[in-house]
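Here we start with a single chain on its own, the form predicted alone, put down as structure tokens.
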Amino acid sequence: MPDGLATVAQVIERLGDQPGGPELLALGAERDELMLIGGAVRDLLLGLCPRELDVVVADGAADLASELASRVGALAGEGSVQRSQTAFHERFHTALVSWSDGQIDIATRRSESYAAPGALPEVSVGTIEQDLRRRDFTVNAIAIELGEPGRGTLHSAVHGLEDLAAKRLRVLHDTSFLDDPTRLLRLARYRARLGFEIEPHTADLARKALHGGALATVSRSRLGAELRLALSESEALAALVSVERLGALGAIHPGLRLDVAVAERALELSPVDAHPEVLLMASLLLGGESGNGAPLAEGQMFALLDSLEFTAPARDRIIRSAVVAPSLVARMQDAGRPSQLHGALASEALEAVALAGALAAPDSASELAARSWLGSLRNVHLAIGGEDLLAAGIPAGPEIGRRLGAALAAKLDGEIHGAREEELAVALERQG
């Protein structure tokens, strides 16, 4: 084993500490040709915690998934229906077992061929050598046997272990990016996540594939899925920077443009309960241009996100944030009191406010207003409610809301320092 990598014995020991790992090891003791493979092996060899576990079997992926789901479900004395879910994909001979603590992907060992560039692969049952050769990068083409009697036997594509030790990303063959151009986006994501360098010949192949329009051969839905994976990375901005450095961001759509400084400031302003993937996608749209050099129109944003198959709630929140953020800069500038800031921002998404603060000049009134709103003012609430005013004799109707609004404004502006009694007194004396 090259220096800097864990031993196979250490990998198997660490597997036992992963969600679902003990169950896999127990199943391996009962059957042969069960192997841990791909990113899970890569991460465990590097001493990292894998996001999920991937295994391959000679056959019977669906049966293994059912047995695994049953064992995972029995962990807390509950049935597998309550604790886990399984899904089987007949075309690709794959199964997925997921539960609250993790998930395990199960695949039948297979070989793949591509009828056309960018098409989904044609799959047939294959050997472990064929299964390793079909993978995206050498560092993901490593497997360790969990089944008996060969437990601990390691299988690797050529250069797999040396590339992993050298922290290097290399494709397995020269047509890799043409067969599956989504590997270009994975190349960028892995470079950012793992901090690996791209092997020179692989970098040259990536450039040629991008310049040749490889991503145009892939369905928009698959491109959208890869973009969302980049946005979901723990260091999502770094992933987007890597995608842009590769030249793949504009290849997804020429209307996407990353302003790193704005995105960094927006993330710094963003509270923990905001959605960074929404914020970053909104920033990409905000910086983008249409074909005539003008900013993307709202309708163009809808068409773009729909083509990439973003969900309707995510699409709407992203577009609203991108569209409204520039106007919020002036609205925050004009808000002289906290109550006015509340009136300007209370109905807007957190991501829109953070993005607006990032667009404002550093330390300007608008940026300071965004910080104040996101940090504390948005969490200011009344201790009283409509029922308190009804009990005090205020008739039901719009007046209730107006009086509560007046009391909240007074509290935001520092005119109320007590709790319920003072709030109620202000609400009863003011009519909004």
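Note that the structure is a prediction, hence the values are computed from the model and not measured. The numbering used is simple: start at 1 and walk along the sequence shown.
What comes next is about the form predicted together with adenosine-5'-triphosphate, which is not displayed.
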property	result
Region of this chain that lies against adenosine-5'-triphosphate in the predicted complex, out of 136-144, 311-319, 199-207, 161-169 [heavy atom, 4.5 Å]	136-144
Residue 388, heavy atom within 4.5 angstroms of adenosine-5'-triphosphate in the predicted complex	no
Any non-hydrogen atom of residue 39 within 4.5 angstroms of adenosine-5'-triphosphate in the predicted complex	yes
4.5 Å heavy atom contact, residue 189 to adenosine-5'-triphosphate in the predicted complex	yes
Residue 151: touches adenosine-5'-triphosphate in the predicted complex, heavy atom cutoff 4.5 angstroms	no
Single option in 228, 89, 257, 193 placed near adenosine-5'-triphosphate in the predicted complex, where near means a heavy atom within 4.5 Å	193
In the predicted complex, the residue from 31, 371, 51, 402 that sits within 4.5 Å of adenosine-5'-triphosphate by heavy atoms	51
Every residue of 43, 180 and 183 near adenosine-5'-triphosphate in the predicted complex, heavy atom within 4.5 Å	yes
